[in-house]
Structure formats: structure tokens, C-alpha cells
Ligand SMILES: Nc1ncnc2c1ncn2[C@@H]1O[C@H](COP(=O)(O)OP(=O)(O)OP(=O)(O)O)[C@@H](O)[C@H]1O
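Next up: just one chain, as C-alpha cells, the form predicted alone.
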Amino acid sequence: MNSLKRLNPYINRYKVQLLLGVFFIILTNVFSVYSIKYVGKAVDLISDYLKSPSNNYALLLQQAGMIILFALISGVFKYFMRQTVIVSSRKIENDLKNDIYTHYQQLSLTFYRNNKIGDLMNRITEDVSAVRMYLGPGIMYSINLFFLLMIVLCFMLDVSTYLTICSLAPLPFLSIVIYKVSNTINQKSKEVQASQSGISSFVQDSFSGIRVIKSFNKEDKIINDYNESTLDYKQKSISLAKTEAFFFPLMLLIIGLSYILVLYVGGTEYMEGRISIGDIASFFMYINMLIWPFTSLGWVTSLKQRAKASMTRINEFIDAKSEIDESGTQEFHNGTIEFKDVSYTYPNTGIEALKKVSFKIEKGKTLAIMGKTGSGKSTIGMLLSRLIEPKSGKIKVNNIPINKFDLHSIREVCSVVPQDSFLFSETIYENILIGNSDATDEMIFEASKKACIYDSILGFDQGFQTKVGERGITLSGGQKQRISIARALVKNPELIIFDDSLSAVDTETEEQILKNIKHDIQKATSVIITHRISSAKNADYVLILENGRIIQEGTPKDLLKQEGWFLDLYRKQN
């Protein structure tokens, strides 16, 4: 159970409540078991009455009253027991989910490229829920069984040592069965969890790509693939259920043997005059009290094995380290940016995106990066915003290595307009506000006007309060790009990166947007990644990339005077 040791800090955080819960478990069992003594006395009174009728009604009512009183007290403590142990497990579940989500936020893009979103979601939901079941019912029933067994054992030994040994003799076999089957449950639990993650990932992908599925008429194939995934999950779940189903009847059979032994040995002891009828009745009730705890032992074992499998999966992601060096402490201030022999290889594909790239951008200048698809343009943008780290070479700002700066201070003054123009499932207003949570309405409206989206937004029935749907599905590509630009501009950044962010708008709108934000670009250092001459012609400097290397560089005027990729593209686009 080494994987579950990761939970110790969370348990320590709520140890007072959990220890209080243990105290209530002890009190619950003490009053529950002690009430059985009065049941035994009541049975003896009835037995004596049958042998020799007498007026013992008051004494019998007294025993009944004590049984009811002790049951009520036990019920009160059982309520407090659940309010401490189960509530603590819910709090630990909340803390664990928050910590996992926080850790997810700190991981680099490489991690998300190597893992499916559905699997990430499953580990923070289903796996954490499985761990909570171990921390709540699992711990509670385990502790309950231990103390109940100790208390019941004391009461049973007080009546008859020989009868106690005989009635509890089958229970060690129960432990052996649990030990033998637990490994099987653990392995099958892992398989079930992995299969469930696969289904979550498949469903998430299919819903995100519903446009493609419908466009290519692939609904039937997707349904068949989904059915195959669920069939695999069903078979593994049924296999696990069969193993667990074998547990419970076997445990009931073993406990049934205890009943038979109590009946036979107890009857023999009674006939020899060593115990009373009430003692035998009490023994039956003691064994009956142990039925559920011992029956639940198999269920608790299953919970622990599932929690172990789930925590192992959670630990895999918690132990994942970001490739981004976050040790820097200096406050970032914009200045001259220099790439010196920078190379980067994507770990998930092995593609060498950049090969010893070197260039400089002066503070407040505009750099345009052009090249064919896959030439490494977007990689430079991600390196500048420190979403990824170079494999070799240096990136410096004001001659200071970029990893010496505090990561958050870099991103605080940097705005990125990504290529895919991702929008959250919120209103247009809230999507723009993400760029600057302190922005006023006037700032948001002004940024929208600069991005040439203000009039379009006002044309919607709900204006800026229009919900954009999942990933902005209700908007066109050009509208999403312009909202992303507004989100970047409202931040008033010192460094702004446009990653092919005008590809979905027409040339006329592109010209207007660039004209509107010219003042903002002049104040900030800007990087424009583009395929269009129109976006690059006003830049201070242009880099042309091919297969991760710079094949041309210079001012737009200089590049138009020499034969090469830039002039060739200029002629084609004109």
C-alpha cells in the first residue's frame, strides 16, 4: 500500500477530527455491545417465568428500557462518528482535487501533448472518488471492526472461553480468503480504471470533434468504436464483480458455521449447566453483530485495493515534473531579446523544430517570423512566453538568461494571441476579461474596437453577454480570432505575440486591425508569426524559417531587393 502513503499529510491535516471519530466509534460499540447483556437477562427472566411463573414484569420492563436507552445512546454516537470520519474524508477529497488541479496548471505543454484530456479528467474525478471511499467508509469500517471485535471478545470471554474460541474459530479462514483474493481484486481494479479513462478520453475527443464527425458522416463508426470501448469496460467490470461476488457468499458461509458451532457447543454447555439460555441468546447476538463488520471486510479490502490502484494513477501525474525551470526570482522587465544558438526538439514526436537559431529584437521593435507550415515559427513564440524550454542554446532579455526571471512576472507582461484562438465556454465579456481581470468596461470596449469586433458583438442579441459555447463554437473563425486579439490588447502588454492570429480574417479587416493596434505595437515589443506579406511588411525585422533554420533575415525593404523566399511570396500574394 506504498502508493497510499501520499495521503498521510492529508490525514495529518484532519487528525483531530479523525481521532475524535475513533473515540465515537469506541463509544458506539461499547453501548451497542453492552445492551446485549440486558437482552440476555431478559431472556433468562422469560425462561425462569416459563419454568416457574412469577410477577417479574417490572424487572422485564426495566431490562427493555435499558436496551432502548443504550440503543439510543449508541445511535447518537454513531451519528457523531459519521460526522467526523466521513466529513473528514470529504474535506480530504476536496483538498486532493484542488492540489491535483493546481499541479495540472503548473505542468508544461509537453505534458498535455503526451496525455489525453479525458484521462486527466478521470484521475481528478473517478480516481479521487475511489480514494475518498477508502479514507471514509474504508477507514471507518476497519476501525469499527477492530474495536467491535475487541469489545465483543471481552464480553464473550466473560461468559464462556470455550464457546468463544469455538464460535470465532472459522474467522481466521476468512482472513486467508481475503489475503488470497486481494491481489486479484487489485489487478482487476487497475484494469477497470484504465478502461474507464480510455472511455472518458474517447468521449471527450468525439464531442470536441463533433463537427468533423458529422462532416465526414462518421457517426456510425464512432458509435461502433464507443461500443467496443464500453464492451471492454463491461467485461472487465463484470470480471471484477464476479471476484467480489465470490467474496460475500463465502464470508456468509464461514459466519454461518459460527452460528452452528454456537448452537451445538452452547447447547451442550447449557445442558451441562455451565451457561444459561440468555448466554446462548447473547452469543447469537454477538456473532450477529460481527456479521456485517466481517462481511464488510471483503468490501473494505476491495475499497483499499481500488484506492491503491487509483492513487498509483494519481501519483503518476503528481510526480510528473514540468520541464519549465521556475527557479528564477528576478522581476521581468522588457528589453532586448536575444536568441543564441537555440534548438528545440518536441519530445512526443522527436521532431527537431529549431536548429541553432540566433537573432535579436530590440525593445519596442516588431519582429515578423515567416515560413512554411512546420518550419518552427510557433515554437519561437512558445519559447518566448516560456511555455516550453529550449533543449540547447540561450534566450536572454537585457543580456540576462530568461530562466533567471520569475516565470509569473514574464507572463504577467506578455500577451499571446494563439493560432487556435481558444475561447472558454463563457460570455464574450468574460473571455476578454481573462486578459486583464482589472479591466474596466471602457478598456474592454476599446480593445474590442481595435480588434474590429466591437460592432459584430453589438449585433448579437445579448451583446457582450453572449455565451460563446464550447470552445467558441457559436462564432466564426474570424470572430474568435478577433476576440482573442481583444483579450491580448486589454492587458496593455510589454511583449505581445501574434501566432498566425489573423489567418481567418480577410485582408481588408487585417489591414484595419494592424492599423488600429499600431500604437500598441509601437509601445510593446511584438512578434508577428504569419504567412502573409501584408502582416509582415510593416515589421522592423523579418525572419524566414525553413526546417527549423533561418534561411533569410532582414528588413522588409531589404528582403524585397534580393531574390528568395520573401520576394517570391510577395509576388504570389500581390
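We number the residues from 1 along the sequence you see. What you are looking at is a predicted structure, and each value in this text was computed from that prediction instead of being measured.
Separately, the form predicted together with this ligand exists; it is not shown, and the next lines address it.
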Exercise for review: Counting only non-hydrogen atoms, choose the one of 315 to 323, 272 to 280, 347 to 355, 435 to 443 that falls within 4.5 Å of this ligand in the model of the complex.
Suggested key: 347 to 355
Point to revise | Interface membership of His531, this ligand in the model of the complex, 4.5 Å heavy atom rule | key: yes
Review point. Contact between Gly374 and this ligand in the model of the complex at 4.5 Å, heavy atoms?
Key: yes
Practice item. Examine Thr379 and determine whether its closest non-hydrogen atom to this ligand in the model of the complex is within 4.5 angstroms. Key: yes
**Study point:** Contact test in the model of the complex: Gln419 vs this ligand, heavy atoms, 4.5 Å
**Key:** yes
Point to revise | Single option in Arg113, Arg82, Lys221, Lys467 placed near this ligand in the model of the complex, where near means a heavy atom within 4.5 Å | key: Arg113
